[in-house]
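One chain follows as structure tokens, the form predicted on its own.
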């Protein structure tokens, strides 16, 4: 009994344990339901999995299943970011415990009961529990926003090296607060249309209605909800990385106000999609996205400069090659920033290019090609966020030596191969005709399958390693639990 109690205490009380559970849940769900994807169907794997597990898959209900799958994974990702925030920022103990408890129960309910409802028949009691889980996650977000309230003297920033006002207001904490607040408001942006299911509103995938000349307010709301929630998850992760990497100095003082401004304007633009501002909403979104992306760029510059300076500190006159080696010496510190830069080539930059040249280029393509681009865009952005979290997690648990190098570079290289191939596949109509595309498409599919497949293998190996560690009396988990307890005492 003591054996189980100690492990449960680690898994559901410590920051690292809670993150491990959420990553494991995402990994298992991704591995299992990834078996139902198109490539797996071509290999015959899908039919075997469906029959073996007794899944009830009706083609007409595909959109609904996918929506629940996306929300289940998204809730776990939001939970991971919440655990990181409650571990990195000062807040009252009541809020820390309450937020963690609510969001843990919430995302687990949404994931387990939601997937049970979607893929194993339609027991509506399970659907009710799924909605209850989402509600708990939302309430946890409300409490987190209250806990992050920056206008309290105890949360004032005394160090002038960090962004603050003359009265000591911590601008970085204000950025966390602004992102959390707009996240719960934007969650409502999707929840309100969801509450109308069965009352004149039907589930749909955003990429399937993008070319409809007329869309309802509810459809615009769902499309906006999809875009803004992904953007806010990315912005919150940027702030988390900044706190982890001790972002400070002049760039920090410029970046934090830019991120706050960008977050607010970006949300106003997305919310405006459902109002009379709809014709200019995209322009407002561009205005908001620009300062937010500039803030992220400043974090990249700061981190890479710091890595280089630390790496060549003992060299009197370092050469360019020595600086380059210093930058790459730690993949778990270099990797998250590289993934943010890589994101601009695979999602952010392409998304802006597509929006600017939508009528001149992309609306001239067959609808299927535009749909591929949109679907790839959203999936790559989500997956890049996941890889950054995995890199940060590797540093959190203290990976060292060759294990740190292999783990970090495997995630970076494999993900870049897969996402780069996806990007070429999305944009292939710019440089190759449909009649001659098949050899290219075949090679791209191989690269995508290899990159994603091996990435899942790396994740599986890490999860198996952590599982085996839990059976050790004095495993790594005991040291992580002790470190977590010490960090709480310091706070």
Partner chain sequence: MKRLFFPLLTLVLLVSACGTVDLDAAVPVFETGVNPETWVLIPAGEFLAGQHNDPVTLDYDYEIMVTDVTVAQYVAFLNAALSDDLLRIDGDRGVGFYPGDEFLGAKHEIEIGPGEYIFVPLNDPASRFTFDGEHFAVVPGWENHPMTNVSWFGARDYCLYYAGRLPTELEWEKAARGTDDDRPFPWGDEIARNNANYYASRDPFENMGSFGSRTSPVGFYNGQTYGDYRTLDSASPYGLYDMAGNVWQWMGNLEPGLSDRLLRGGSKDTYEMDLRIWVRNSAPPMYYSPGVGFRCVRDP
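In this text the structure is predicted, and so the values were computed from the model without any measurement. Positions refer to the first chain, counted from 1.
Note that the form predicted in complex with its partner chain isn't included here; everything after this is about it.
Not one of 18, 138 and 187 places a heavy atom within 4.5 Å of its partner chain in the predicted complex. At a distance threshold of 4.5 angstroms between non-hydrogen atoms, residue 312 is out of contact with its partner chain in the predicted complex. Residue contact check for residue 54: none of its heavy atoms lie within 4.5 Å of its partner chain in the predicted complex.
Not displayed here, its partner chain is approached by residue 417 to within 4.5 Å at the level of heavy atoms in the predicted complex. Contact check for residue 30: every heavy atom lies farther than 4.5 Å from its partner chain in the predicted complex. Considering its partner chain in the predicted complex, the lone stretch of 392-400, 170-178, 117-125, 201-209 in range is 201-209 [heavy atom distance within 4.5 Å]. Contact with its partner chain in the predicted complex, judged by any heavy atom within 4.5 Å, is made by just one of 365, 244, 304, 324: 365. For the residues 352, 129, 413, 105, the 4.5 Å heavy atom test against its partner chain in the predicted complex is passed only by 413.
Of the residues in 440-465, those that come within 4.5 Å of its partner chain in the predicted complex through at least one heavy atom are, in sequence order, 440, 441, 442, 443, 446, 447, 450.
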